[in-house]
Ligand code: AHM
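We begin with a single chain expressed as C-alpha cells, specifically the form predicted alone.
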Amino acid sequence: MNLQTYLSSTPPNLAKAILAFAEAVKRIDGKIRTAETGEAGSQNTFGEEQLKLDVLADRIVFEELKKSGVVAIAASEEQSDEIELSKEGEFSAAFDPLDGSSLVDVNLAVGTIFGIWEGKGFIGKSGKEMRAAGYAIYGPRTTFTIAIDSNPVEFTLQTDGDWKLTIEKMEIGEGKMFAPGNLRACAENKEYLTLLDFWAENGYQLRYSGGMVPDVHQILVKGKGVFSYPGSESNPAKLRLIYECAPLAYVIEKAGGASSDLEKSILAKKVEFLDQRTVVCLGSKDEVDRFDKFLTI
C-alpha cells in the first residue's frame, strides 16, 4: 500500500496537508545528499546559528504547504512568527524542518517533525487538539511516520519516489532501553543522575544517537524504551513544545505510550508562545512514570 491509498479514507484536506509534508520530505532527502553542511552565515529568529540545510529545508516545507492550499497558518522552528499561507486554508501546521541538522556533517540520521491543528493559529491550543502529527527520518532509508488519531504507521521512500507502507501498526510495550538527552544537566540535577544509575545498574540498553527523531523512532520500531530530556539551572530544557515535543508526544501516545513534562502529559500543555520550551519524557507508560517518580521539577 502506498501513502495516497492509505490516506484515501482521511478527510481530503487533511490528506492534502499530510501529502504536502511527504512531498517536502522527498525534496529535502535529495538536498541532504548533495547540499553543503556549513553555516548559512545567519541566525534564525530565535537567535541560533543556522546551517545552510536548515534554511533550505525550511524554504522547501513552506513552499509545499503553500502549494497544498489547505494550510492557513504555518510556524517553523526557523521563524519567530506565524506565517499566513492561505486565507481559505483550514489548518495550522508547525514543524521543525531539519531536527538534528548539526549531525549531517558526521552522516548521522536527522529528521523533520510536524504537527497539524485545525483552525488558524497555535496560541491557547494544546497537543490534544492536533488532527495529525508525524516525522521523517533521513538515514540509510528515508521513512515517513504518521499518526492520524490511531496507531502510527511507517512508509519508506522508494527509488521511484513512491511511499510504501512498511510498518502497519506501531505499538509500545515495556522493555529496557533508554535514550538520555541533556546529560550535562546531571551535574546539578542529581535526581536525573540517580535515574541514569538505575538504568545502568538494571541492565538497560543505551541507544542514544544525539538526534531526537531517530531516538524516538527506535522506541516505536522496537516497541519499548524511553527518551528523556530534563533540565537544570545551567542546562535548561531546550526542546520546543509545538515544533518537536507535542508532535512526537502525539505519535508516542497514539502508539500506547506516554509523555510527561513532570507534571502532566505533553499533550495537555497549552501553547503560550511559539518558542515555548519544555522538559520532556517520551516512551512506555511504566518508564515515563518512573521518570516522573525519580525527578523533581
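Note that residue numbering begins at 1 and tracks the sequence as displayed. What you see is a predicted model; the values in this text were computed from it and never measured.
What comes next is about the form predicted in complex with this ligand, which is not displayed.
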Which of 85-93, 223-231, 118-126, 141-149 sits within 4.5 Å of this ligand in the predicted bound form, heavy atom basis: 223-231
4.5 angstroms heavy atom contact with this ligand in the predicted bound form for residue 175: no
4.5 angstroms heavy atom contact with this ligand in the predicted bound form for residue 72: no
Partner contact for residue 154 in the predicted bound form: this ligand, 4.5 angstroms, heavy atom: no
Residue 195 within 4.5 Å of this ligand in the predicted bound form, heavy atoms: no
In the predicted bound form, the residue from 267, 271, 239, 55 that sits within 4.5 Å of this ligand by heavy atoms: 239
Listed residue that, although this ligand is not shown, lies within 4.5 Å of it in the predicted bound form (heavy atoms), from 169, 190, 184, 164: 184
Residues in 194-224 close to this ligand in the predicted bound form, defined by a heavy atom within 4.5 Å, in order: 208, 210, 211, 212
